[in-house]
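Quick heads-up: it's one chain on its own, the form predicted on its own, in structure tokens.
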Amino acid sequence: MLNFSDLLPYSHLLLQGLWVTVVLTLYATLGGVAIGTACAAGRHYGGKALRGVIGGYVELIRNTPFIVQLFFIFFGLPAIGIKLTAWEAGLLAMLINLGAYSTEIIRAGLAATPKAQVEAARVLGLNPRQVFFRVVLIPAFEKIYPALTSQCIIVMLGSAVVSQISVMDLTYAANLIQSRNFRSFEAYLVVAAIYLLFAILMRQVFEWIGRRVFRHRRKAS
């Protein structure tokens, strides 16, 4: 028989785990999108060598499991003298993963910018930096914003894997709770509900940000 009251003494573990998941997601989203933007620009405008390096990075990450990437960073890198804490390894894996996926999403947005629009901006006297940020990058983000936000949410959900290297996130808390009170069904059901609510909240926040940012841009235009 289900008994969720047995989880109450461990509510602080769930809150701590949720906080770790939130912080990891925030840092990974900001950093991953920044990496993706830089790599997308490099792959779209860079030379052949740079495009090849970025393309190799993207293909490597997109065609290998996230848990393998995580284990390589946490267990493999110490073999060459690079030692990271579990939290640092988890964050780095999420950054690298989101960076690769967002590279292709953002590059698609950059490629969708009409050349005539870029040429018109140059004729008006805008320098290359102004052309990139005002005429290319911002409209590109508007086009790919839904896909990019969905990828950020997927990375948040995938962060549950970092519990495998003892990062004390939400899934780690569920594992710990069920090992103490043997209420596996209740523990994982509650954690699944928390992930669901968090994903819905993230989507609502992203939509709110998108409405404010792109609404102002459309008014300005």
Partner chain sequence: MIEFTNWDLLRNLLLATRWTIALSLTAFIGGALVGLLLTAMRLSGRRPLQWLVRGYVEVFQGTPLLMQLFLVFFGLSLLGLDISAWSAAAFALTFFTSAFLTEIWRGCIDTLPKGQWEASRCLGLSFQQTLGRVILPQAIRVALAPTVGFSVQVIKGTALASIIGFVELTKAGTMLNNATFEPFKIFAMVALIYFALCYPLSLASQRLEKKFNGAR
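Numbering follows the first chain given and starts at 1. In this text the structure is predicted, and so the values were computed from the model without any measurement.
Same protein, other form: the form predicted together with the partner chain, not shown, and the subject of what follows.
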- Heavy atoms within 4.5 Å of the partner chain in the predicted complex: which of the stretches 126-134, 87-95, 72-80, 140-148 has them? 72-80
- Counting only heavy atoms and a 4.5 Å cut-off, does the partner chain in the predicted complex sit next to every one of Val68, Val161 and Tyr195? yes
- Pick from Leu157, Leu176, Leu50, Leu30: which residue has any heavy atom within 4.5 angstroms of the partner chain in the predicted complex? Leu157
- Message: How about Leu26 - does it come within 4.5 Å of the partner chain in the predicted complex, if we only consider non-hydrogen atoms?
- Response: no
- Item | the partner chain contact in the predicted complex: Val205, any heavy atom under 4.5 Å | no
- Task: Would you check, heavy atoms only and a 4.5 Å threshold, whether Tyr45 touches the partner chain in the predicted complex?
- Result: no
- Message: When the contact criterion is heavy atoms within 4.5 Å, does Thr64 count as touching the partner chain in the predicted complex?
- Response: yes
